[in-house]
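One chain comes next, on its own, written as structure tokens: the form predicted on its own.
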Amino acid sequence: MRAIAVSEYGATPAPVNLPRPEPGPGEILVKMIAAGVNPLDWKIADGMLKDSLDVPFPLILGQDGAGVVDEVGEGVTRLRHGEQVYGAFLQAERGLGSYAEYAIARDDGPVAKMPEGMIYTQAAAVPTACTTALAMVEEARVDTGQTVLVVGATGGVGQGLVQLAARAGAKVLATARADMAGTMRRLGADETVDHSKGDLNRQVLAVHSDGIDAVLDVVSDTPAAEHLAQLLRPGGTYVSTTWSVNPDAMEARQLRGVNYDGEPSAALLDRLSDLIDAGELRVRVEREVPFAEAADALAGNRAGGARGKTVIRI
């Protein structure tokens, strides 16, 4: 089968031909139609997680994807042959990922039936970004009447955060340049602040002089997060996916700091499917690329500045 893999940490991802994996007991084999690109993919390829991952080479990249169940192993009961599924397929310890014509997943793992009427390239963009967004909003306990700042709002996770925080009843401030302000408002943001136009704190306090209730942040480093935390009222919450907050220091200031490190699950995916089917969550695919251009797609993701998700057609 065709796959995109690295031969060692730091190597350029490249197309390779590898044997098709076989599903074992409790596993399904999925014929992949599309794969979503995430920062985790290039971080693994670069060796940034090598101290916590023991992987063989060649290593097929990719976590997110969507496709059709092609085979089921012994004991599989939840998913069936021919069903359209989406989810997280990375099994780095076996050298397997979603950037391939076939991928393996456990029947009890983070894979679920696709939302009704959703096309594969959209579904492949959902798993990591939207499960992260859903979990972050719930971790922050976002509620009606609160004011929430989403930092990194134009990317895949950020766009999910804007929609889900607005759905929870919050007034949403989204970081966005002028050309994305309209998109953010259509997704549910009440206001936008442009990080390229100067200090975010100054911009936020100009309209919310008494501070805000929560910061949902997917991009800031520690100094930037410490600065933004000054916007929070006593009792406020800061949730970071970049592990940029010090929970003890936040607690000393009567704030709650959370470094989020969750993973997709079938339960979260089923909840997302319900939201998507109900029209309460939209997924914006910024770019679709052919299989041969996967390395370029990863490089673009590494460069940052996403305006939605990038998806690889397999």
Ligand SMILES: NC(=O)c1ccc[n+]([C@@H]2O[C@H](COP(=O)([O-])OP(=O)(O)OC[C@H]3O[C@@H](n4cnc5c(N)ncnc54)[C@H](OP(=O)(O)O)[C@@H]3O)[C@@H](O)[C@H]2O)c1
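For every residue, the number given is its place in the sequence shown, counted from 1. What you see is a predicted model, and the numbers here were worked out from it, not measured in a lab.
FYI, the form predicted together with the ligand isn't displayed, but the following is about it.
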4.5 Å heavy atom contact, residue 242 to the ligand in the predicted bound form: yes
Residue 258: touches the ligand in the predicted bound form, heavy atom cutoff 4.5 angstroms: no
4.5 Å heavy atom contact, residue 152 and the ligand in the predicted bound form: yes
In the predicted bound form, residue 156 touching the ligand (heavy atom, 4.5 Å): yes
One residue of 187, 218, 88, 214 in contact with the ligand, assessed in the predicted bound form (non-hydrogen atom, 4.5 angstroms): 218
Single option in 262, 58, 47, 26 placed near the ligand in the predicted bound form, where near means a heavy atom within 4.5 Å: 262
Segment that reaches the ligand in the predicted bound form - one of 33-41, 274-282, 50-58, 244-252, heavy atoms within 4.5 Å: 33-41
Triple contact flag 195, 301 and 305 to the ligand in the predicted bound form, non-hydrogen atom at 4.5 angstroms: yes
